[in-house]
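Have a look below at one chain only, the form predicted alone, in structure tokens format.
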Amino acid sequence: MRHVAIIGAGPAGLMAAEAALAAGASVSVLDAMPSVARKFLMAGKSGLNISHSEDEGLFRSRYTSPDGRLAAMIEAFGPAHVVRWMDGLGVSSFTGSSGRIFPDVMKASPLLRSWLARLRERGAEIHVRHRWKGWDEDGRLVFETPEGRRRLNADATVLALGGASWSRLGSDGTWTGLLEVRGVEMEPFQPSNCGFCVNWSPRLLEAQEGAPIKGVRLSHDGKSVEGDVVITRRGIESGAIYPLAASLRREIAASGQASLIIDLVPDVDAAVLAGRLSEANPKQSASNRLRKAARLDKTKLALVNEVTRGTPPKDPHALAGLLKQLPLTLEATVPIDEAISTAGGVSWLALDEDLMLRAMPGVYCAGEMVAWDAPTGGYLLTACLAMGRWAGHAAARS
């Protein structure tokens, strides 16, 4: 029987184990942490958004990768497959008003317990506290364990080592050097689905740190997202900015900063807004005009004063235009370890159609360690599951 070693016990690694077992292989899953799937469990603490119910073509368009391989993997195991897979584990699901798919129990832990039980029933051996250190001179996998160094022979290996954020949960990106010395092409890790740094004034932070800017439209590079954002000590953070993170990150890398456009009143046309401002009592202060005519709350008022340095335009049309397109300068991303996910990792140029490393026959890669990107909303987890399934099947049959 062919033996497949899977290094990394997150969703990609566990799905690779399931696929390899189904293809008739014996499977060992090894993870550096004291318990498995720690980032998966953390993602599910406030509700495990595992996939999305939107049109399949639109769903696949959310991903950034250089060719059609990732899309093919998601077509083979997409949102509908994820729902049926959960059903098979005895975990029913529901679709929220936003189209996002969740397990009925909301949390990740019941799903993970059922999944691990099924893997063990099918013969998977799962080992924790096994930190992968590469290969020895005989091609055996080497691990550091509490009992000392361990070596393992495998007919094929699936690496599902995660990206480079949330290192305390196991995704620290330190494995890159083990592959680079063997000629595997890498792309630098970058924060994705992350907050951004803004040079706020002390006055704004004193009054507004932690406050939400509610009901705005954020725009950058031709893409817009509606939602709320939160003012943090370092800048801004929220799920609404994550879909724009990749283009903002690119502009910061090219120019040293990026301009995020904020529509503070997305439900009001600019001409209507200008009319309301024109009708306001000219004796009112600028803040009162904005509060009454534009219906801005104190946090939005503070943001306008911050951007204009306390001198918003007096002309109603210019002021309306500013409220509809308020430019906020972003100076950097938050540190990579604080990002929800990372872009970069193993280059697709280093992988064949089966996710096998061209430089290392018999070694496959899956999940966030590969250089692709996607927003939150169920896209990240679905792709990790799809890639793990693809790599596990290939490792078992090659």
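Since the structure is predicted, the reported quantities are computational estimates derived from the model, not experimental observations. Residue indices: 1-based, along the sequence shown.
There is also a form predicted together with a small molecule; it is not shown, and the following applies to it.
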Next item on the list: Could you tell me if all three of Ala12, Trp166 and Leu381 have a heavy atom no more than 4.5 Å from the small molecule in the predicted complex?
Entry: yes
Checklist line | The single option of Ser171, Gln208, Ser93, Thr157 touching the small molecule in the predicted complex, heavy atom within 4.5 Å | finding: Ser171
Item checked: Listed residue (Lys292, Arg131, Arg276, Lys107) with a non-hydrogen atom within 4.5 angstroms of the small molecule in the predicted complex -> Arg131
Notebook entry, point to check: Only one of 258 to 266, 277 to 285, 317 to 325, 158 to 166 gets a heavy atom within 4.5 Å of the small molecule in the predicted complex; which is it?
Noted result: 158 to 166
Check: Taking the shortest heavy atom distance, is Gly367 within 4.5 Å of the small molecule in the predicted complex?
Finding: yes
Margin query: If we define contact as a non-hydrogen atom of the residue within 4.5 angstroms of the partner, is Trp175 a contact of the small molecule in the predicted complex?
Written below: yes
Checklist line | 4.5 angstroms heavy atom contact with the small molecule in the predicted complex for Met33 | finding: yes
Next item on the list: Would you check, heavy atoms only and a 4.5 Å threshold, whether Val346 touches the small molecule in the predicted complex?
Entry: no
